[in-house]
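As structure tokens, one chain now follows by itself in the form predicted on its own.
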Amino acid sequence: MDYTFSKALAGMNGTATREIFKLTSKPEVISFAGGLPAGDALPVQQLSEIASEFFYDPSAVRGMLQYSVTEGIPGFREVVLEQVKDLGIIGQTVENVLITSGGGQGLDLLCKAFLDPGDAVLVERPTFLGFLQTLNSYNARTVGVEADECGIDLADLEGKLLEYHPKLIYLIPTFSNPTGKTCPLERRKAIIELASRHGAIIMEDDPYGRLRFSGEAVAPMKAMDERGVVVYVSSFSKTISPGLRCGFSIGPSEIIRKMTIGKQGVDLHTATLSQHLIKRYIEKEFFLSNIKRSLPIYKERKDAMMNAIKRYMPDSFKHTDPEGGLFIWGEFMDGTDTSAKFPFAIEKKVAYIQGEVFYAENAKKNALRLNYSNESPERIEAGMKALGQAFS
């Protein structure tokens, strides 16, 4: 039978992400392709203890297995607001918070709240491929903005604000996916000023900000937002567990209300048991202590990859040097096509993500993204050696 699918999904083939999980499911493949947190950093023991406490008392857990309110289980939004105060995000109330099913749902709900077909959205070149797919589902006009070593270029941003009149600007200003870059403080302030002047909302995606293992922290854009133009989207996927599928959005109450209405029609509410687990985990003060424990793991693996790049990759390979997060971005200055080289890498049982999938248009063929978080230093060494051979 021939099926007539929606036009909304016509531009979403999911190839890159589908191949990521195919490859990472094979233990013989050394994968630098995914964005998984380090397995050694997952708080297995602590979450097991909390779950055991819950299920020891059937009368208490019964409520955790029921439906709940869309905004979040009672008390959880207050816990989230307390948890982000150390980032400088203050002066918010529960009306400014929505608990979501992962950070990705927050991004999707923002698009649902604002976008009509053909509306323009500005994104950094390159940007997160998952968000590009989200935009495709809304038939939005995605416009790439040039970037330098510090993130999005202000002159190009202003020019495209004037030309396209976008409703939304999407940014990962801290340890960007895919580049690992961090936008400096003064540039963040300038972006907020430009967005405010041109009537655009900034979607600040911050899944990696707490994973800083060197350098000085930079406050989120939301912490300096005095004009109500920033919606802060984050999740607990990289700091607690991606399997719990729990995130949150913080923004102006009018926007949060619209997002809440959109969420009601999708999944009613985020999984109640996941919310209870994370709420108790934070209340027991496990959150920051476990992140502190995990940072040396990420630094060791990042250093292992940087050292292996120097030893094994061609001289034409130029790359970023992130101070945190999960990714290194590289480009072959001799024009090597990373998609064409991919089969050679797979033959050597090592995987990466071709850079071209991170562009809305005019994709670079000579780039790739490397993830160091989910492989041991020994496997990173072996994988980079094999990758160097594939690119030689």
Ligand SMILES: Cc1ncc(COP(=O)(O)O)c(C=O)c1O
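One rule holds for the numbers: they count along the sequence shown, beginning at 1. What you are looking at is a predicted structure, and each value in this text was computed from that prediction instead of being measured.
The protein also exists as the form predicted together with the named molecule; that form is not presented, and the subsequent description refers to it.
- Taking the partner from the other structure, the named molecule in the predicted bound form has a heavy atom within 4.5 Å of a heavy atom of D205.
- Interface residue remark: R245 is counted as part of the site for the named molecule in the predicted bound form, having a heavy atom within 4.5 Å.
- Residue contact check for T270: none of its heavy atoms lie within 4.5 Å of the named molecule in the predicted bound form.
- Taking non-hydrogen atoms only, L107 approaches the named molecule to within 4.5 angstroms in the predicted bound form.
- Scanning F286, Y138, F213, F128 against the named molecule in the predicted bound form with a 4.5 Å heavy atom cut-off leaves one residue, F128.
- Just one of I172, I89, I191, V123 comes within 4.5 Å of the named molecule in the predicted bound form, counting any heavy atom, and that one is I172.
- Of the candidate stretches 172-180, 151-159, 291-299, 309-317, only 172-180 has residues with heavy atoms within 4.5 Å of the named molecule in the predicted bound form.
- Applying a 4.5 Å heavy atom cutoff to the named molecule in the predicted bound form picks out S235, S237, K238 from 225-243, in order along the sequence.
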